[in-house]
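Next up: the same protein chain in two forms, each one alone, written as C-alpha cells (structure 1, then structure 2).
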Structure 1
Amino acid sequence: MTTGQVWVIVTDDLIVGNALAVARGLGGPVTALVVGSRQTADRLAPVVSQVRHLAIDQDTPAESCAAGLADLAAAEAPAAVVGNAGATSRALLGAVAARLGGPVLHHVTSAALKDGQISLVRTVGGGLAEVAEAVDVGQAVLAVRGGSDLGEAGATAPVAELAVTSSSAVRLTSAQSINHQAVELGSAKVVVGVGRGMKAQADVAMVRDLAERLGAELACSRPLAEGAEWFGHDRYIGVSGQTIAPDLYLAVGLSGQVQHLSGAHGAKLIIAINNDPDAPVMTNCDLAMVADLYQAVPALTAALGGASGVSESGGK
C-alpha cells in the first residue's frame, strides 16, 4: 500500500531547494534520503520531517546504490520520489522509476495531491511552455531543477542510518579537478553569458571582470562548456543546460540560437552585445548593442569603475 511519505533523494550536492519545495507541495511528511556524507544528512535535518542516511565510502559512487534504493522504494511505496536534475540524482531516480514501473518526469515546477492523483506542472520545449499532467500516487518520480534555498528551518529531524546493498560493479578509481567552480545559476539575479564570439579562453577574464562589477554570475553557451571546455557544465544555459530567470541577462558574443535563448527567456531584461546586427539574439532581446565585444566590454567595465585591459588575443 502506498504511504503518504514523500521522498527527496539527495547526494552530496545540496542544490535541492526546488525539489524540497515540490515535495512539500504534496502535503505529506518529507523524508530526505541522503546518499553520501553524514554532514549532508545533518544539514537537511532542520528542513525535513525525517532524514535517512546511507553512508558510502569514498571509492563508492552514489550510483552504485541505485538498485538498492529502487528495491527500498518498491518495498515502502512512498507517495512520490523527488530529486534534482543532476546526473547522479537522475541515475538514482531512473532506477526507482524503472522498479516502480513508471517514467521519470523532468522539469517539474510544482505538484499537489488532487482527487487521489498527483497533479503537476512541468516545463517543456526548453522552458518555452508549461504542461499540466497527472500521475498515479506511488508512481510519481519527479526531477526538479536546482535551487539553493532549502527552506525555513524548524525542529531538527532525527537522522536514521540506512542499510542498502550497493553494487560492486562500479568503483571510483581516481578523481581529478578540472578547475571549474560550481554555480547555481537558477538563483542568480544578474547573469553575464558568453558565446563563441570570444576568441580565446584567456579573454574570458575580460568578461569575468565585467560580471564582478555587476555582481553577476558568469555563464556560457553549450559549445564553450561541452566543446571547448572553458566552463563547467553547470554554467551553460539552454534546453539541456540551465534555465535562468534573473533580473538582467547580458549576452556577450552569443548568436542566440533557440536552444540557448529558451534557457534564458525568463529573464526580466535581456541585453545583447554582438557585432552582427542580424544575429538571432538581436531580435530576441530588450536592448541590442551592435559592437565589437572587445571594445564594448572593457568600456562598460571601465564605466563601472573596473579595469579595462584585455589579453593580447583580443587585440586591445
Structure 2
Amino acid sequence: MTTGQVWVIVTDDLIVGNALAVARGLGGPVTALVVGSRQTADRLAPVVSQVRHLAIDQDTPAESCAAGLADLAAAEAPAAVVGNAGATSRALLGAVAARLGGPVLHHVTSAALKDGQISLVRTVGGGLAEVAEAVDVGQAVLAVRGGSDLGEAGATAPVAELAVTSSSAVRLTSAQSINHQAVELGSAKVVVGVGRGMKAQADVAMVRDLAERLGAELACSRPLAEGAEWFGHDRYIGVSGQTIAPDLYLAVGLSGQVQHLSGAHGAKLIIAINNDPDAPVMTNCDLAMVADLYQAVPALTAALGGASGVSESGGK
C-alpha cells in the first residue's frame, strides 16, 4: 500500500537530508516543493520523484508564499508534509498546519505507514524521552532536523514551475551572505566542542589548533553560534542544533545542559574540560578534566603533537 503523495518542503538552506529520509520512509512518491531558487530545485531533481518549484522574486521572502502553499496543500491533500526546522520552513509548515487543522510535529526521527495511519517517533522534553505517535494520513505535518546529505542520486525528476499567490505585506529590502564554512558534524569521527567558558572570539584559534591536531571538526554550544555568532549556526550541538555520533567528543568549557548533551549521546567517548567540577557535563562524560581551559587546551595540543609523531596506532 502506498500513501499517495508525500511532500517535502525545501527552502534555500537545503538542510533536508533527514527530512527526505523520513519522507522516503513513508513509501509514497516524494515530491519536493521548493520555495526558493531554481538552483535549489535543480539540486533536488535527482533525489525525488517530482520537483515543483515556487519561484519567488528577488525582493520576496519565501515566507510570503506561506498562505499560497497552504491553499495548495488544502486543495491537493498530500498524505504528509515534511520539512526541516529552519526559520523559513517552520513558517511554511505552520501555515499548512493551520489550514489543515492539525499539529506540526517536531523532532521527528522516523515515520512509517501503518494501518492506514502515519506512525512516527520523535523526541520530547528537551531530548529526555522518545514518543511513538499515530496521526491520520493527510494530517501529518512533520519537522525533521538536519542532514545536508540529500541521498543517492537517481533519475532526474522533472521540475515543474508553479505559481502561487504571495503576500505583499513583507518585502526583502536587502540580503547579505555570511561566509561561514558549511559543515556536516553528523559524520565527523572526532568533534571538539566549545562553550561560553571561552572568553573571546580570538581564542577560537587555540581550540582550532587542538581540533586540527586531532583531525576533529570544531563545534560549539548554542550561545556561541546564535548570539555571539563566532560559529555558523550549523556548528552547534543539541536539541535545536546538530546531532553527532563521533568516536570522541571533547567538550571544552561548556556546562553540558540537557539541551546540549542530547545532541551528543551518540558519542563513543566524551572527555570534558571544565573548571567547575559540578558542571552537569562532568557527570555525563567518560573522563572529566577539572582545569582551566586556557591551560588545558594548549597543554593537550602540545601533548598530542608529540604523541602523533610516535604514535603506533596510526588512527582507524
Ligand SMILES: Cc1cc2nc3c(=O)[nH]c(=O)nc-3n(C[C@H](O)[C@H](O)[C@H](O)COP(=O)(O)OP(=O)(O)OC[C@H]3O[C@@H](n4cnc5c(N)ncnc54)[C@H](O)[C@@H]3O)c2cc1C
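Just so it is clear, the structure is predicted and the values come from calculations on it, not from any experiment. Under this definition, the rigid core comprises the largest set of C-alpha atoms superposing within 1.5 Å between the forms. Throughout, residue numbering runs from 1 along the sequence of structure 1.
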Two forms of the same chain here; which is the form predicted on its own?
-> 1
Large Cα shift (2 Å or above) at Gly94 between structure 1 and structure 2, core-fitted | no
Does Arg145 show a Cα shift reaching 2 Å between structure 1 and structure 2 after rigid-core superposition?
-> no
For Arg213, is the CA shift between structure 1 and structure 2 at least 2 Å following rigid-core superposition?
-> yes
What is the C-alpha shift for Ala225 between structure 1 and structure 2, rigid core superposed, to one decimal in Å?
-> 4.1
